[in-house]
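So this first bit is one chain, no partners, the form predicted alone, shown in structure tokens.
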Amino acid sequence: MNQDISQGQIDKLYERLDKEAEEGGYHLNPDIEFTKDLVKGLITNENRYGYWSCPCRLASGNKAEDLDIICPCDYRDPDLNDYDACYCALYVSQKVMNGEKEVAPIPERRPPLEERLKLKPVPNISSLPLPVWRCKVCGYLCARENPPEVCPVCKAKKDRFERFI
């Protein structure tokens, strides 16, 4: 099924994503032409698969197999923390926005399909491999090396997070 994508559709989704990103403490790539090409890829994948599969990764077409790469993907925050951009560079850090850092290629951190599909037992909460951070404002919890720069729920800054576990 080949559907033509209008510039109006691209512009509308770009504006929506930009607004949502900024409200959530994130930034879209400041290279608008590049970013709109990625937005077009999201629309193409939505038309093709019914969901916004990352435009820079090969989707299976099976939503259950692709949950980790539905935009924004599971790897966005770790990529932003480690490389100042997500894998496809749709989302970038404040350093990139300020021109202090250039976007560079990012290694793929998505595990192979066999590893993603393995059933994993629910871990004992005291043996989690990552610390759990709690937003003191709204109670949002996340497991990662460091707290997010901005709470995705209430927009509180990083300093409002405490180590929960």
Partner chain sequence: MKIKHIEGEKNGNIMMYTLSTCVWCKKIKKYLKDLGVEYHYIDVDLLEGAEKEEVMQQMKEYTSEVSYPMLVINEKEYIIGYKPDEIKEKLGL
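Numbering follows the first chain given and starts at 1. Computed from a predicted model, the values in this text were never measured in an experiment.
One more form of this protein exists, namely the form predicted in complex with its partner chain; it is left out here, but the text below deals with it.
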Any of the heavy atoms of residue 112 lying within 4.5 Å of its partner chain in the predicted complex?
-> yes
Its partner chain contact in the predicted complex: residue 38, any heavy atom under 4.5 Å | yes
Using heavy atoms and a 4.5 Å limit, would one call residue 44 a contact residue for its partner chain in the predicted complex?
-> yes
Taking 4.5 angstroms as the cut-off for heavy atoms, does residue 48 touch its partner chain in the predicted complex?
-> yes
Non-hydrogen atoms within 4.5 angstroms of its partner chain in the predicted complex: do 34, 87 and 103 all have one?
-> yes
Taking 4.5 Å between heavy atoms as the contact cutoff, choose which of 59, 70, 96, 28 touches its partner chain in the predicted complex.
-> 59
